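To begin, one chain is listed below as structure tokens, in the form predicted alone.
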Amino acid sequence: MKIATWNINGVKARIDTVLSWLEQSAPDIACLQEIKSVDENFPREAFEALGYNVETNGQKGFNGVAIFSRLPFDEVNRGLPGDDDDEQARFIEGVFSTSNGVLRVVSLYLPNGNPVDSDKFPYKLGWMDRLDAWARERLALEEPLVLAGDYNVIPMPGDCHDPAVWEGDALYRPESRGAFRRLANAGFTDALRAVTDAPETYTFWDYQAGAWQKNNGIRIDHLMLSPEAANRLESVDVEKHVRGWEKPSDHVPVVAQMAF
């Protein structure tokens, strides 16, 4: 089974690109972020025509997450628990039945957090605290769980082209990286780093300053796996070539092959 995550940076602007990718890569489950569409306007029919069941947690103009699955959804949960006042659409969980039992998959889009001297940084850290609490509760179920998404966190110095450039940025601040490490300490495995420690393995290149052409990238899109999911991990591929397509997102898909 192929499980993918990709921040598409707007379904309206990128629908043809996403359709082409789905046809070529053919993931069984695709977790998308920044769909930038309310649920009722999301062009689900185009994706359903490719054989996907589609569930979204959308928001007008920004944010928004989705899960496409060739498996039917047994259950869908929208919104990260812990703050009833948080109206930002950044979290959706799908539950599926497989021949090997239950599979839980989350598409998440963590807050950017910049500028750090605004209320956006405390919101980011608070969101990560809520994610950690929720994820630890899910771990108690002892089921395969994949937390897939744009974390807006650069975990280690080797996950960016030049750490000095990112000093002080919310994506690289010690508080953000520490919150990401707490997931690992709870028992989650960073899928990509479980299979490779290769340098310059990036998932995002800014549109500005020739970042793509210079390979000035960062790794902020991650698949974090519960122990039961990590035991089924076979391989991980960063589909870097998609960044070179016409009208690309500034992110690329990260795809895990898993034994389900």
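One-based numbering along the sequence shown. Here the structure is a predicted model, which means the values were calculated and not measured.
Here the subject shifts to the form predicted together with the DNA, a form of this protein not shown in this document.
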Could you tell me which one of 180, 127, 188, 109 places a heavy atom within 4.5 Å of the DNA in the predicted bound form?
109
In terms of non-hydrogen atoms within 4.5 angstroms, which of the given stretches 59-67, 24-32, 225-233, 192-200 touches the DNA in the predicted bound form?
59-67
Answer with yes or no whether residue 120 is in contact with the DNA in the predicted bound form, where contact means some heavy atom within 4.5 Å.
yes
Touches the DNA in the predicted bound form: residue 44 (any heavy atom, 4.5 Å)
no
Would residue 13 count as a contact of the DNA in the predicted bound form, using a 4.5 angstroms cut-off between non-hydrogen atoms?
yes
Going by a heavy atom distance of 4.5 Å, is residue 209 a contact of the DNA in the predicted bound form?
yes
